[in-house]
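Next comes just one chain, in structure tokens: the form predicted alone.
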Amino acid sequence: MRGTVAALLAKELALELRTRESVPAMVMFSITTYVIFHFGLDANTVDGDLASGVLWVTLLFAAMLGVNRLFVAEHEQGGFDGFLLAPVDRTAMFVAKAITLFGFLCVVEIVAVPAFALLLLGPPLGQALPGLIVVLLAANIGIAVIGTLVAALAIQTRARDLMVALLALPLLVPVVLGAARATAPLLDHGGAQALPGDWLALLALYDLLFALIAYAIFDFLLED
């Protein structure tokens, strides 16, 4: 299975480097949204709960762009049929796609988080950065797992863009809630506070639960 996952990851990387359809769009969406918030909010800077909410809502909707494109190449070019005929573990595609989406999110956040700090954030980012990285990684896992599962469900429908949003956003509410609550103390106006372990633990538990569910049912999704 490891070799299959590696081959699929290499294919995903080559495809994104050639087409540049997902990551640039996600980055541009994030920066544009921050600019809109910058002019739309009745405040020059944000901190605490408001800053956390703006950050995670923006990252969530940017992630939807990547989720929508996750299985498009396989659907349009017959990749599903070829993969089903190959003598490999079918869950390898789930693992590879989830890792791909996780990587896309990490690359986007390398640009989007500094842009957020520059355009909107009041407190300095440096003190909050270690804790914020932990929260970002935990949330990225949840978004990648749920996004991959939902994309596989929606790709066979005509209105896949709409179905992705309708299915993914309710499932991702606990992820965004946990990430936002864990991030808010880090962006406090008086300086970064301790990372709330209870919200981080809840986020990790939700990630694990959906990872197990997705891993168990993905094989049946490909057959259907």
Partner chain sequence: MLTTAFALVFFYAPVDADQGIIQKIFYVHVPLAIVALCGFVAGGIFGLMHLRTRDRRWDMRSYVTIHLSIVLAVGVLITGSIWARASWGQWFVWDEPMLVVFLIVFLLYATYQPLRFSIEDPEKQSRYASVFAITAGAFVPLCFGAVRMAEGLTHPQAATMTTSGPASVSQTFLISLIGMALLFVTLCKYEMASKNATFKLRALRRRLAGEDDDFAAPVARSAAPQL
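These numbers were taken from a predicted model, which means no experiment stands behind them. Positions refer to the first chain, counted from 1.
Form predicted in complex with the partner chain: not shown, discussed below.
- At least one heavy atom of residue 153 is located within 4.5 Å of the partner chain in the predicted bound form.
- In the predicted bound form, residue 163 approaches the partner chain with a heavy atom inside 4.5 Å.
- Among heavy atoms of residue 197, none comes within 4.5 Å of the partner chain in the predicted bound form.
- For the chain shown alone, residue 35 is not a contact residue for the partner chain in the predicted bound form, no non-hydrogen atom being within 4.5 angstroms.
- Considering the partner chain in the predicted bound form, the lone stretch of 44 to 52, 58 to 66, 171 to 179, 27 to 35 in range is 171 to 179 [heavy atom distance within 4.5 Å].
- Just one of 132, 101, 108, 149 comes within 4.5 Å of the partner chain in the predicted bound form, counting any heavy atom, and that one is 149.
- Interface residues of 4 to 33, taken as those with a heavy atom within 4.5 Å of the partner chain in the predicted bound form (partner not displayed), are absent.
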